[in-house]
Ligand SMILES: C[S@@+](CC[C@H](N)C(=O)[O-])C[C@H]1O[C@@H](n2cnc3c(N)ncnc32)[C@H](O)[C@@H]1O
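So this first bit is one chain, no partners, the form predicted alone, shown in structure tokens.
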């Protein structure tokens, strides 16, 4: 088998990135946008050792689970991976991805719970983020093609509510009617770079990222938006740098308050243009509700939030526990968390630490245990997973319970293996162990579909210590 060969094959499995897998001529072949059992004709794009990457040319025998994608640029933009599968199949793919990662990476054979479905299969995203570029003299607003900086131009995205189509139209008209320059990646010149929108309960934060905060005729854009929206802010973010980082440091609000007030689980807070939010608001509430339930909080339970950020989850936990400690290495986020505690009258129940969780965790757990309190550690790390030093301290300190929110099945499997004891780091490598007794029992492990139509899946895990 070599590049540009044509192959007829039957798809055997689905990989962690939503791609189909089949074997041919001694090679494992990967091809996107297909489903298990489908007979396809594929073209070989690249061969690397015993691995081949292919492109589907024809679906000879389609699966009964195949559906017509709603998006006209599906397969072109990098946003969706499995829109060609019906929703039941999407959930099955995600459950199998989590289960397979646990088995292959960490040798954990656990019966993963059924995926909690999203209430909405489309129109669920509360955040829109689009690059604006000048390409060969033509202004384009859309998504980057996967693996490139070529713009796939769009007028709408089915993953977003109706407000997205309206805002995209308003911005395009504003650019055209007022001859606003847009960023050219080749010349490094041009004003507008990105459009970023956040929405909560009908309130919108609309941000234009530009090389300067001075945008001519910006009031004309405000007037256009006022034709359709009552509750919005328009913000200009200045980012003159030529990097992949979207936001610069300077934000100027040209209309509205520049903030959205939010209240959930008894905690009031504000979000701004760069605040972190889960993109599926209703599913986030389902997830947080279960986190609270798994923590089993009472007047004798202390919670440690190991990746606390600006402290929203820490505050929600503090409302229901004896105390909640948030640990965050970024001082600005810690300051926000302290303000949040004050705003919600939680100064005595919510304590935020600025520093490395690995350094702070042992003394915190020791303090809680010495006072006879049950200790729950909550972890909601970035995609790369829990820092190695934090896992080492978990193994030493042994909190009574760990509630882990993960956005990556691969890093989740690795971290669970290290915590339970089926894996160990040795000489900068991870090796398999065969312990007679695991350090923790898995009492809950269920995926949550935060991202319908895409390969991504959130997982929630609860571990209870066996050796305390």
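If you superpose the two forms and keep the largest set of C-alpha atoms that fall within 1.5 Å, you have the rigid core. Numbering follows the first chain given and starts at 1. Bear in mind the structure is a predicted one, so any value in this text is a computation, not a measurement.
Omitted from view is the form predicted in complex with the ligand, to which the following refers.
Contact annotation: the ligand lies within 4.5 Å of heavy atoms from the stretch 353-361 in the model of the complex, the single such stretch among 353-361, 71-79, 205-213, 148-156. Although the partner is absent here, residue 329 sits close enough that one of its heavy atoms falls within 4.5 Å of the ligand in the model of the complex. The closest non-hydrogen atom of residue 96 lies beyond 4.5 Å of the ligand in the model of the complex. The ligand is not shown here, and in the model of the complex it never comes within 4.5 Å of any heavy atom of residue 117.
Taking the partner from elsewhere, residue 288 is found to have a heavy atom lying within 4.5 Å of the ligand in the model of the complex.
For the options 229, 143, 307, 87, the one in contact with the ligand in the model of the complex, meaning a heavy atom within 4.5 Å, is 307. When you look in the model of the complex, the only residue of 123, 382, 266, 345 with a non-hydrogen atom within 4.5 Å of the ligand is 382.
Applying a 4.5 Å heavy atom cutoff to the ligand in the model of the complex picks out 276, 278, 288 from 268-289, in order along the sequence.
With the core held fixed between the shown form and the other one, residue 199 has its Cα displaced by under 2 Å. Once the rigid core is used as the reference frame, the Cα position of residue 122 differs between the shown form and the other one by less than 2 Å.
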